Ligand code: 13P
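Here's a solo chain for you in structure tokens, the form predicted on its own.
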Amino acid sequence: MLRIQRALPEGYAGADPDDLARRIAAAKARLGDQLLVLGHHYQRDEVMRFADARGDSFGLSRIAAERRDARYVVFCGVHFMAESADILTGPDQQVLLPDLNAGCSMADMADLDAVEEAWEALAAVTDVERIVPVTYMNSSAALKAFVGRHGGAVCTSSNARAVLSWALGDPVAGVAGRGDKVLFFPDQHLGRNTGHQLGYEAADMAVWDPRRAQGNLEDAEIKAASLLLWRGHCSVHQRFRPEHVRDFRLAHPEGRVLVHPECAHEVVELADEVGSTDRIIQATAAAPPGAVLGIATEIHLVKRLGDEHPDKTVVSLDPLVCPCSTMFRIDAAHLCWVLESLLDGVVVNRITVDEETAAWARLALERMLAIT
């Protein structure tokens, strides 16, 4: 997705970090309760220190929706997160993204045109009325609206199992599903790991490649699959490999491995615990003093967890430590520019979702909340 962020005005790029911090604090004080700054867990510390709330993407959007007194919501995250906040907040609230280039490579791996083409291709092979589309929260508002229109739901890494159970049913509990198949996008790894949790085997899953005709699948493969997994991934979490887990265990035989479900299945199989960002934070806090934790997630969060728990050893499983390069674009200079622009009466980088798209996307989010 093309996003154009204009160059910062003079006085921001290259400014002294202490001066930027002073100016941000002063702007926040002047804006008062009409301002809400949200910080995703993967943000830089120079930005997170000014966040009024920390959390994952959907949790922060819900906080914004609850803070009706906040006229301006500055979302220090990425584009799809700001869209979700705009969908859930009121008409008198404005959502701003400090840097328009802060996107999500995973979210960009599935766009509306490609998903609609896939849907048409599937309709030529099987009954799409029996396919339930499920999109991960890490997707555009347009894709959330697509699943809303087609009877599907959004999911997060925390509730993916509940949403897929709703879609496909639970044979053990004798609960019927909404359909026979799920088209899951954009992250194949979360879909695969959740499918295995529900008892599905590799043979029950097929990867849909949007760059190839009919997803690079034969008719029989499409008809046999219960889970059609979009060929997409998180550039950070896909870096973690089984050898990282093995090296950690050699160095720390008593250590525990915590991984995010966006990691590849062969990594997840070797972990002691698998969970969302919030679950990793909770598990780290609950670990006893002296614990050694190897964590497979974004490095800014891993380092912050180590700083917040000095009585424990917290390390990244990836020795080359890879930050989320797109979220890394949000820095103190951009945050300062957005806030000082508001003081001048100028709203910059506002993120808006058109009413029709927002209505269908909201329906998909409401289905998710009803399920969980």
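All values derive from a computational prediction rather than experimental measurement. Position 1 is the first residue in the sequence shown; the rest follow in order.
A second form of this protein, the form predicted in complex with the named molecule, is not displayed here; the remarks below concern that form.
Chemist: Please check if Phe184 has a heavy atom lying within 4.5 Å of any heavy atom of the named molecule in the model of the complex.
Modeler: Output for Phe184 is no: heavy atoms all beyond 4.5 Å of the named molecule.
Chemist: Just checking whether His334 would be counted as a contact of the named molecule in the model of the complex - the rule being heavy atoms within 4.5 angstroms.
Modeler: Heavy-atom contact with the named molecule at 4.5 Å: absent for His334.
Chemist: Look up in the model of the complex whether Tyr136 has a non-hydrogen atom within 4.5 angstroms of the named molecule, and give yes or no.
Modeler: Tyr136: contacts the named molecule in the model of the complex.
Chemist: Even though the partner isn't displayed, in the model of the complex is Met81 close enough to the named molecule, meaning a heavy atom within 4.5 Å?
Modeler: Yes, contact at 4.5 Å.
Chemist: Ok, Thr284, Thr277, Ser165, Asn193: which has a heavy atom sitting within 4.5 Å of the named molecule in the model of the complex?
Modeler: For this set of options, the contacting one is Thr277.
Chemist: Pick from 90 to 98, 127 to 135, 194 to 202, 254 to 262: which stretch has a heavy atom within 4.5 Å of the named molecule in the model of the complex?
Modeler: Stretch 254 to 262 is the one.
Chemist: Scan 36 to 56 and note down the residues that get a heavy atom within 4.5 Å of the named molecule in the model of the complex; none is a fine answer too.
Modeler: Contacts from 36 to 56: His40, Tyr42, Asp56.
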